[in-house]
Ligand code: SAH
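Encoded as structure tokens, the following chain is the form predicted on its own, with no partner shown.
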Amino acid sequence: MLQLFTWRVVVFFFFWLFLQVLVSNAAGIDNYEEARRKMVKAIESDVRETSLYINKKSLDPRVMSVMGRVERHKFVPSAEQSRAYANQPLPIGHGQTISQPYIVALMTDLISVDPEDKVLEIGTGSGYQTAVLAEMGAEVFSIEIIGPLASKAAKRLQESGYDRVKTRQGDGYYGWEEEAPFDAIMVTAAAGHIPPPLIRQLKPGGVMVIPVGSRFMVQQLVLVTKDGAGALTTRQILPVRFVPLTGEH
């Protein structure tokens, strides 16, 4: 009788423990969902505040929907988990950062990604912007110059199910010539000028968004458009601050 009672206690304990894990996991999911909603609201507020710069009062609803879905906490170091959905850049190691969500949303909006577009991303970083582009339906080719970041991002993206993303380690200044041309190019590091190889790899009718300016100074986010004849037009969007584009160029 005592033995039967003991087993009942053990079974009850493990059942209780199982329920606590389920409740805890559910609470974690709810917390992240609420955090993403607040992040989206913060992005919307920044868009309104910068509307004179960006010439619009709201971003593409598809972009905002994706920003509310992609799990940013999976793309930041564990030490930054508590700030994963803050509308600010965060360190990811090796002197690099994950961009502010507002900037991620704005740059995604500027290149007007359509499903099946072929997009080149320069600067994979943690893979967060890559995931956002993939969620927009694009086929993404992403280059990261820092080896450890490149390998971690590739693994993270693969584990998250982004099978239409291709990554590689390399100098993004020279693009990905064998996969060109691209419907859109996004550069997530500041360059002193617009790299000629990227201009050549941009499809006629395509767009590029790139921060241009001096290292560790305020730069200008520039939208580059190539018309059907190959002529370029550029428009400065707003002041930004990005880590520099590095390499042997």
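This one's a predicted model, so the numbers in the text were calculated from it and none came from an experiment. Start at 1 with the first residue shown and count on from there.
One more form of this protein exists, namely the form predicted in complex with this ligand; it is left out here, but the text below deals with it.
- Remark: none of the three candidate residues (106, 109 and 211) comes within 4.5 Å of this ligand in the model of the complex, counting heavy atoms only.
- By the criterion of a heavy atom within 4.5 Å, residue 122 is counted among the residues contacting this ligand in the model of the complex.
- In the model of the complex, this ligand lies within 4.5 Å of some heavy atom of residue 98.
- At the 4.5 Å threshold, heavy atoms of residue 143 reach this ligand in the model of the complex.
- For residue 63, no non-hydrogen atom is located within 4.5 Å of this ligand in the model of the complex, even though that partner is not displayed.
- Of the candidate stretches 52-60, 219-227, 184-192, 37-45, only 184-192 contains residues with a heavy atom within 4.5 Å of this ligand in the model of the complex.
- The contact with this ligand in the model of the complex, taken as any heavy atom within 4.5 Å, belongs to 149 out of 136, 165, 149, 84.
- For the options 80, 179, 71, 171, the one in contact with this ligand in the model of the complex, meaning a heavy atom within 4.5 Å, is 171.
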